[in-house]
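Before any questions on binding or motion, here is one chain by itself as structure tokens, the form predicted alone.
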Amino acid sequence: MTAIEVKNIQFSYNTEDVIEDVSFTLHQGEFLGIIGPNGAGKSTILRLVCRILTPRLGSVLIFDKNITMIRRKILAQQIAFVPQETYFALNFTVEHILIMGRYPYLGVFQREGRKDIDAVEYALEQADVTKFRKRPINSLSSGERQRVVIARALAQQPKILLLDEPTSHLDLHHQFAIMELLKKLNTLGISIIIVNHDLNLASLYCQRLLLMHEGTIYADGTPKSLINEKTLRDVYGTSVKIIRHPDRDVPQIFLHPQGE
């Protein structure tokens, strides 16, 4: 079953074209990575898919229904979006932040019920942040906060999870922890689209990649078929060396330092 179908979308900021005639599908249960240079339109694609932005032309379908025909509250029950950076002006506890993920299911002035509490408990456990539940959010490290933001998205009980650079600014341990968490959520049936500048992480964890360049899809395929020295040189303007991961048969990238 198709979870998302993007058809010939175009988008402009003022008069500058950012997305030009982009089409792709996300199948239910798929883990899709969007890669490409800065300014290629990767983050804009995510915002178009979850209706933060509206395409100038084209359409986005969620489970075969045009996104413009879906009430925003219902859409929030189907798609959760994790931005690249999340700031908390008010120092809520982790538990309160996860309860905010239940707003799509609550009426005006309605208090959370048993289903909402169970969803929060499940999200705390799956994201391994139960031990932080009473901690103020701004007392946590960047990696811990990112897990909380993902847990809040999980509390929405979405069928689709969109993430924009969830491992940026994180150390090696937290990068690994976030990607392993996403892999676990994917095995539980959540369809995932992740924007990631780290091509090695994308190759290790994503089943399929979209390589974007100058607002269009340059290539679409598995990491093994898409990541090669010629393609990366053409798109990134950088010479690289490709080897195979010793434990998984996927490409990994090494740079060529100048003068060597």
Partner chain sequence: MNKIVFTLVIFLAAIAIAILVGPTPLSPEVIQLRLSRVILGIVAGGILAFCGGMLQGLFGNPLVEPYTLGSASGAALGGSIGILIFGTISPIFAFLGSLGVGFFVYTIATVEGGLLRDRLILAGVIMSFLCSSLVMMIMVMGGRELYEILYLLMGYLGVIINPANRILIMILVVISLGLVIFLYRYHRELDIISQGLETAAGLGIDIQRFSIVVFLTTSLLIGSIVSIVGAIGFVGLIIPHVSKLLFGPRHLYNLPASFILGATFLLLADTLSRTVTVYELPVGVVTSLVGVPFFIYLYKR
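Keep in mind that this is a model prediction, so the values were computed, not measured. Positions refer to the first chain, counted from 1.
There is also a form predicted in complex with its partner chain; it is not shown, and the following applies to it.
Answer range among 183 to 191, 120 to 128, 71 to 79, 169 to 177 for contact with its partner chain, defined in the predicted bound form as heavy atoms within 4.5 Å: In the other structure, the partner sits against 71 to 79.
How about R47: is it within 4.5 Å of its partner chain in the predicted bound form, going by heavy atoms? Contact with its partner chain, yes.
Is I97 close enough to its partner chain in the predicted bound form to count, meaning some heavy atom within 4.5 Å? Flag for I97 set to yes.
Under a 4.5 Å heavy atom criterion, is R111 part of the interface with its partner chain in the predicted bound form? Heavy-atom contact with its partner chain at 4.5 Å: present for R111.
Could you confirm whether S141 comes within 4.5 Å of its partner chain in the predicted bound form, counting heavy atoms only? Taking the distances in the predicted bound form, the answer for S141 is no, it never comes within 4.5 Å of its partner chain.
May I ask whether F11, K42 and P55 each come within 4.5 Å of its partner chain in the predicted bound form, counting any non-hydrogen atom? No, the whole trio is out of contact, none within 4.5 Å by any heavy atom.
Only counting heavy atoms and a 4.5 Å limit, does any residue of 66 to 101 reach its partner chain in the predicted bound form, and if so which ones? In sequence order, R72, K73, A76, I79, F81, P83, T86, Y87, F88, A89, L90, N91, F92, H96, I97, M100, G101 come within 4.5 Å of the partner.
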